[in-house]
Structure formats: structure tokens, C-alpha cells
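Here's a solo chain for you in C-alpha cells, the form predicted alone.
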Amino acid sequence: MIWRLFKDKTAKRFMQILTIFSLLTVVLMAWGLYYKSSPIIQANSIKELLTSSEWSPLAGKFGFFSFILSSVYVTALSVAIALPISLLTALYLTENAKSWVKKLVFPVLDILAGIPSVVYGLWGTIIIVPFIADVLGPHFVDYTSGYTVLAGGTVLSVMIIPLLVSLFVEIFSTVPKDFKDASSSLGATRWQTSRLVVLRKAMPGIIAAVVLAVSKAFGETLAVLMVCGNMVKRPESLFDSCYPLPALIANNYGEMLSLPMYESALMFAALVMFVVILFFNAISRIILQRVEKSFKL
């Protein structure tokens, strides 16, 4: 009896330590990024760093607004493309697809999820960029190189579709069958059942999955770096080149650190990414709690 209580208390303490360690990891990451970026924060106001688009490291000018805007545009576009495709695909697989279709599709999704991001970047460079430059772009603008916000958003959407579909399938599978049977017994069609019962019951999980996809898309580096053009400018349309924050860090860290304040500037870019993702996740948790209350059946 004493030995069982000892093991129980030991396991409890061990799990508490692991929980505290996880929290400390986030705190240490935030402190480390702030410490390394403190020189540029002391030399410039945070407002100036976040709202200025002037980027001239040789002159000591570090404006991050165009980079932040590029990251937001590419991420928002990728989610806007991927979300409806993923939702409808997951609904079909869980509610309508035959078993042989599932056996075919699920392994393909696993393969797509495991493909390295550089392969997606090469695919975007070979297929998406020329298509935008030669076929789609001329219908909307006079000239575009193809290395654009649209290319980055398209490649990112393809990258996060397997993740979203897999998550949505798991979420929809948790909806009790009794709810679906009750809806069918009242005369509802399959689409009405999917829309009014499955989606409603799964809404909290859908929001959580979208948040996860946004976090992945916002921090994606290599694929975006290869198709966005990496031009320091505010993108005015989907056919303009852009320069997201992850691409800025990946392109320049280790090569330009001899310039004064440059390492601090890149650390500040990483800090901005960290804060944005942390803030977005915190807000999403608040929204998720409210949605769970509103969508209870």
C-alpha cells in the first residue's frame, strides 16, 4: 500500500515538473529572443520598427512593416484556399466515401504531409510561378514575374491541406452517430445533416485545427522563400512580390551579421513571429471557449 502511494506521488510530481518545464521553455524562448533583439529595440522605438517599411541595413534603417504584411497576406491567402477544400474533402470522406476510397486517400494524405517543404517549393517554382507569370497574370496586370503573394499562398495552401483534412476527419469522426441518425429520421438529407449537425457539433475542433494550420503557415520558411520573390516592398496585390518574415531570417542569418545591429534586427523579426503566433493562439482559445458554449447541442 505504501509503495503504491509512493509511486502515485512520484508520478504526480514528475508530471508537474514536466508541465512546469514546458511552460519555462516558452518563457525562456521569449526571454532569449527579447535579449538578443534588445539592442535594436533600444536604438529605435517599437512603433517605428513595426510601422516603417524602410529597410536599409547599411544606413541603420530597419522597418519591418512590409515583411509583416507579406507574412499576413500569404498566410491568410493559404488558409482561405485550403479551408473550404479541406472541409468538403473531410466531410466527403467521413460521411459519403466508400471504404475503398478511404483506403486510397488516407495513404496519399500521409505521403503529402511527409513531403519536405523544399519539394513543395520546387513544385511551386516549376509549375505555379510560370502559370501565374504566363497564363493567369496577364489577364489582371501588365507584368508579373510569377514570384508573388499568390504563388506563396497557393504553395502554402497545398502544404496545409493534408494537415487540415487529417484533423477534420478525426474531428468529424467523434460526432456521435446518434445525432446523425436523429437528423436522418427527421427527413434531413445527407448535406443538411453534415451542415447542420456534423459541422455544428465539430465547430470547436474546426477552429482549433485552423489555428494549428495558421501557425504552421505563418512560420513556414523554405517553400515560401522559393516562390515569393523576396523583394522588400509592400505588396499591393496578389501579383506583387513579397518578403515574409521567415524568408528574411533564412536568407540573411549568418551572412549579413557583420553589419551593426543586423543580428539584433533578425532576432527582432523572430520575436515578432513568436509574439504574433502566441497572441493569435491566446485569442483563438478565448474564441474557442465561447464557441463551445454557443454550439452545444
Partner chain sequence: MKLKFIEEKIFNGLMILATLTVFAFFGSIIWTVAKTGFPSLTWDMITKLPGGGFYLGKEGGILNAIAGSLIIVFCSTLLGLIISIPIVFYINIYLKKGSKLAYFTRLTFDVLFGIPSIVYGAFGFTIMILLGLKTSLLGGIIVITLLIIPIFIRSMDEVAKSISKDLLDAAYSLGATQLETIRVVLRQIAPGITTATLLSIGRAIGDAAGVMFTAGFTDNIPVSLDQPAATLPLAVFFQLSSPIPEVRNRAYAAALLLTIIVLILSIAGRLIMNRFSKNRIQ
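What you see is a predicted model; the values in this text were computed from it and never measured. Positions refer to the first chain, counted from 1.
A second form of this protein, the form predicted in complex with the partner chain, is not displayed here; the remarks below concern that form.
Q: Does the partner chain, in the predicted complex, lie within 4.5 angstroms of each residue among 145, 207 and 238, using heavy atoms as the measure?
A: Not one of the three qualifies.
Q: Of the options 203, 72, 133, 122, which one has a non-hydrogen atom that comes within 4.5 Å of the partner chain in the predicted complex?
A: Selected residue: 122.
Q: Which residue, 185, 173, 99, 189, is the contact with the partner chain in the predicted complex, using a 4.5 Å heavy atom cutoff?
A: After the contact test, the surviving option is 189.
Q: Counting any heavy atom within 4.5 Å as contact, can you tell me which stretch out of 173 to 181, 137 to 145, 157 to 165, 72 to 80 lines the partner chain in the predicted complex?
A: Of the options, only 157 to 165 has residues within 4.5 Å of the partner.
Q: Heavy atoms within 4.5 Å of the partner chain in the predicted complex: does residue 59 have any?
A: So residue 59 does not count as contacting the partner chain.
Q: May I ask you to check whether residue 65 falls inside a 4.5 Å heavy atom distance of the partner chain in the predicted complex?
A: So residue 65 does not count as contacting the partner chain.
Q: Test of understanding: in the predicted complex, would residue 253 fall inside 4.5 Å of the partner chain by heavy atoms?
A: Answer yes; at least one heavy atom of residue 253 falls within 4.5 Å of the partner chain in the predicted complex.
Q: Taking the shortest heavy atom distance, is residue 234 within 4.5 Å of the partner chain in the predicted complex?
A: Taking the distances in the predicted complex, the answer for residue 234 is no, it never comes within 4.5 Å of the partner chain.
Q: Going through 213 to 242 from first to last, which residues have a non-hydrogen atom within 4.5 Å of the partner chain in the predicted complex?
A: If the 4.5 Å heavy-atom criterion is applied to the partner chain in the predicted complex, 213 to 242 yields 219, 221, 222, 225, 226.
Q: Please say whether the CA atoms of residue 213 and residue 18 come closer or move farther apart in the predicted complex, knowing the change relative to this form is 3 Å or more.
A: Result: farther.
Q: Once you compare with this form, do the C-alpha atoms of residue 281 and residue 113 lie closer or farther in the predicted complex, given a change of 3 Å or more?
A: Relative to the shown form, the pair is closer.
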